[in-house]
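We give structure tokens for two forms of one protein chain below, kept apart as structure 1 and structure 2.
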Structure 1
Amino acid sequence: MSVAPSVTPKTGDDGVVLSLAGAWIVAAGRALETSAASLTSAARGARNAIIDLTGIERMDTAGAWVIDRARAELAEAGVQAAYQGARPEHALLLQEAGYRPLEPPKQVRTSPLLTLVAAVGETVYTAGLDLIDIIDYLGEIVVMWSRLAAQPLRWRWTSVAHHLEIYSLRSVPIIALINFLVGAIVTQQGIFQLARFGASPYAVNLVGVLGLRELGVLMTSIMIAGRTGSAITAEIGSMNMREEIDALRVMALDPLEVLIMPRLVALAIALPILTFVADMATLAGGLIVSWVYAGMAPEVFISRLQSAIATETFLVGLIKAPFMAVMIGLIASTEGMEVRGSAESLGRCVTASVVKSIFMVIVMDGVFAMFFTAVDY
């Protein structure tokens, strides 16, 4: 059985001799720290101290570190401490596992302007990488689409129908409610602002053109990016975390064909349908507000609406919808495949998916607006 570590001080002509004995090992626990503290206190006030290691039975890295820490503390207090009688293995431990003070990291001062420029550059670089990944994924999807078009039996229609129900049917209540409120707010503000010029009936033109061309598809795409895009990223990301995607590859199944294509097809079908629902809800909100707020009969509202919009006005919103659906699905799938094995990674990718999808939806809407204006459509 190992003897507990101990310190025996002796005062001599050359200073204090501290004789260490016992087992200076980590298993000694509190006794190790207590002996090190007595070693330091016994030598305080002396000019020189000799730490005699002859009586030490055992020593490990913890014991060597504690002993050398005591020597360093004595040196800081002005006591010249030296080792004596150390066996070769103990001397090696003291040399390799001895106490070394931790130096605080040096504070590097950088210019705030330089930090801002570096952050902007990093953001631009990351955006470029994301764009390359999306384009690469788009190419793979086009190849897979052509392959499945040549072999229609390989389509996973059950999965498409399942996701179509989730993305479209279950999204109808929230899409209809949001767009109804948006149509009501736009009409109310239009009536209020145009009344100053005696043109409050033109609020019907405003809600009709703006709702069908822009607001319906835009609000629906943003809602789908937040609701469905995040769900796609979370589903694929959690499968990636649990290595289910690797299992699909081991079974000679392409994750692009099994997981992503059904979701993309369902999303491309669902978004135009939801856009139509959003358009009708926007017009319904405008009709109700015009009737209640401005006293405009529904027949008058519908008559003015027919004269204000054309078929092209309605089709513009529907034309945008499939493109926005593909963009949302691409970003959501790409971010889902980037998830690594932690919950933090999953949360970060889901957040990035929603933010990037909403940003790209707005950018695409602006591009389409400029295009349709240029072609006078």
Structure 2
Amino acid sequence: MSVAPSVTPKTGDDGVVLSLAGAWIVAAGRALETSAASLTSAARGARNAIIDLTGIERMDTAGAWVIDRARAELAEAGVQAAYQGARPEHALLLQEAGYRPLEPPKQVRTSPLLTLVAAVGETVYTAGLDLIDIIDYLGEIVVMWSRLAAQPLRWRWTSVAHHLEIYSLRSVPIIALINFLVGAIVTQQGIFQLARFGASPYAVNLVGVLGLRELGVLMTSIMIAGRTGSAITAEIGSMNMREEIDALRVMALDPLEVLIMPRLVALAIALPILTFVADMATLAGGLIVSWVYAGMAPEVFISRLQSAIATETFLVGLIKAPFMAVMIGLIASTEGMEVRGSAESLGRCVTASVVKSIFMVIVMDGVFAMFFTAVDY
């Protein structure tokens, strides 16, 4: 370890001589600052000061900076300070890495209330812009779809197949598991709560209708929004950050066609399949629980289920799936395009993508529920 920086002041005939010793290096940390402060305080009030650098063992750029800052501060206080006995390399360092006065940063003062109002206004405004963005994208995609519909060869089926595998096949275990659990929980609660009215067998109707109409597609969409929506945003976002999207554009390739379209198509195919898997898992969960918990034989469960649900019950859930898929894909890819240069903005956009998709999935499910009730399906 090197010797700590130190200052020895000595008052002579024509001013004060400040002898510096030790290692004036940044590794000294606070000691460097306090030594520099003692340098200024020792010479304050004197007419002349000589800063004697002979005893300095080591000096780095930070050391040069504090010494030179002390000299500048003394000069401001009317003390003429000069260096003495500097080794050539130290003299060069003091010149090259010396103190330069900083202009103080501009302080912008705003009232917290104004900031709050401004932030609220900005949020509302950008929310409106987001909506326009999404509609904009939807329009572009519809236009492209109508253009590409006639040329199925340009549909990038390899990319679609690749994404289909990642989005659907790889999500099957987790989707099946959570929906199995949801089916089990709904049935268990149904049996338990309906037992008070002596109607526990109707738990089969509950899990059948609720599971197929709402829960299967809802849980799947939320899971896909979290799992796949975030991945799409992160992929497109990091491609955006690394100018890969710009590279596509200058090759006269449309990022919408190359990147977003295959993902949207894959999602629109994947989500109905996964919803079907989810429906089956929900019913399986219901069957197991009613068998184990309420002692209902599987044949009884199935025959009750057959009388409780119709093909429409199953189709209501399935019809919603592609709409959810397009919504999730659109939100995820627009957010991906919003990513700017920093890692922070990538994180913000991925979060926004997941939150917005889940919110919109639930809103859309509500709209569909009203619609199907109105058309009496």
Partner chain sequence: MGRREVVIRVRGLKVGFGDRLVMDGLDLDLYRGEVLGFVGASGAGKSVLTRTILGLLHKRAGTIEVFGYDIDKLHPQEKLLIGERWGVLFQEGALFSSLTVRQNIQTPMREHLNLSKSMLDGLAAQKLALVGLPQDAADKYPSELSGGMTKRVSLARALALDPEIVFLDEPTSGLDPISAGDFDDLIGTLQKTLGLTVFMVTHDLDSLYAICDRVAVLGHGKVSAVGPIDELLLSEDPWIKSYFHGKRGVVRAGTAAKRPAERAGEGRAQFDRVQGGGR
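Here the structure is a predicted model, which is why all the values come from computation and not from measurement. C-alpha atoms forming the largest set that superposes within 1.5 Å between two forms make up the rigid core. Residue numbering: structure 1 sequence, from 1.
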Task: Structure number of the form predicted on its own - done: 1
Open item on the list: Could you check, with the core superposed, whether the Cα atom of Ala86 shifts 2 Å or more between the two structures?
Closed with: yes
Task: Yes/no, Ser333 Cα shift of 2 Å or more between the two structures with rigid core fixed - done: no
Open item on the list: Aligning on the core only, does the CA of Gln193 end up 2 angstroms or more away between the two structures?
Closed with: no
- [ ] Having superposed the rigid core, state how many Å the Cα of Ala37 shifts between the two structures.
- [x] 7.3
TODO: After lining up the core, report the Cα displacement of Asp60 between the two structures in Å, one decimal place.
DONE: 20.5
